[in-house]
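For reference, the chain that follows is the form predicted alone, supplied as structure tokens.
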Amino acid sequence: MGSRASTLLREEEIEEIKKETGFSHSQITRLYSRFTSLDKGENGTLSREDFQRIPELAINPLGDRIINAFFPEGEDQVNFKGFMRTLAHFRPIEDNEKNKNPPATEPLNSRTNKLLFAFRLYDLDRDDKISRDELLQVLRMMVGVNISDDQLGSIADRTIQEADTNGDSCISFQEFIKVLEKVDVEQKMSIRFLH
């Protein structure tokens, strides 16, 4: 029981998270409460197993890929700041943010950063390109056994053929951006967080 009190957020931590992520004070405290309820080890971090207990992720075909996005390379725990940094990609871009002077660094919920997050869900080996095999693996995760391997292969080939502008038979991040230029990524990759 004592460990909960020792892991309370300090005001300066909240301000730092607000500045980095754009979340409001009340959103941060609400998400901290959710974070601590998921923290079964009561050590101020979440493990992959903690995430797998979230029903929406457990049933999502890309749940494992989404969970992996919370963890830096080689890490098996994520602290609250890392948790918030990843969630910030899904924060909607508010109208008043669109008109502001651009900050020194692009916000985590910018269109480019949302697309980079999505791109990394496909780039399984983290080599900064999506190969046919990676695309097939993700498609297989999403559709399961509902489509034959031949049909999946055809979808993957057609997707790469349409996206690949430099002829390397892979999809680079720039090619990924180009393919999705008419998609409302801001809306599709946003979660409404209560204020």
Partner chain sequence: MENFWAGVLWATEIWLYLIVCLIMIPAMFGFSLGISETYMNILVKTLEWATLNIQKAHAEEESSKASASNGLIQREHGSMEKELGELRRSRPKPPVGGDFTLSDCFYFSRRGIESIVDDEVTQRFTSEELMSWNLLTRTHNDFQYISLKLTLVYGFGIFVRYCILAPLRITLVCIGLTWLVIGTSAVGFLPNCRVKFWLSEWVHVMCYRICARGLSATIRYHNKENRPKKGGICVANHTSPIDIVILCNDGCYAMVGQVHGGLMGIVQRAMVRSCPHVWFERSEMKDRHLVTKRLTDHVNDKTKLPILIFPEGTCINNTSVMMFKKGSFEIGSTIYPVAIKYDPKFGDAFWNSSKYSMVSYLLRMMTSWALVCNVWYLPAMHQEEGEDAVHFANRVKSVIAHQGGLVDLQWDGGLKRAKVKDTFKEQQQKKYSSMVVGDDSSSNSD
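Computed from a predicted model, the values in this text were never measured in an experiment. Residue numbers count along the first chain shown, from 1.
Form predicted together with the partner chain: not shown, discussed below.
In the model of the complex, the partner chain sits within 4.5 Å of a heavy atom belonging to Q151. Looking at V78, you'd find every heavy atom of it more than 4.5 angstroms from the partner chain in the model of the complex. Remark: I17 does not count among the residues lining the partner chain in the model of the complex, judged by a heavy atom distance of 4.5 Å or less.
The closest heavy atom approach of F71 to the partner chain in the model of the complex falls outside 4.5 Å. Contacts of stretch 44 to 77 with the partner chain in the model of the complex, defined by any heavy atom lying within 4.5 Å, are made by F51, Q52, R53, I54, P55, E56, L57, A58, I59, N60, P61, L62, D64, I66, F70, listed in sequence order.
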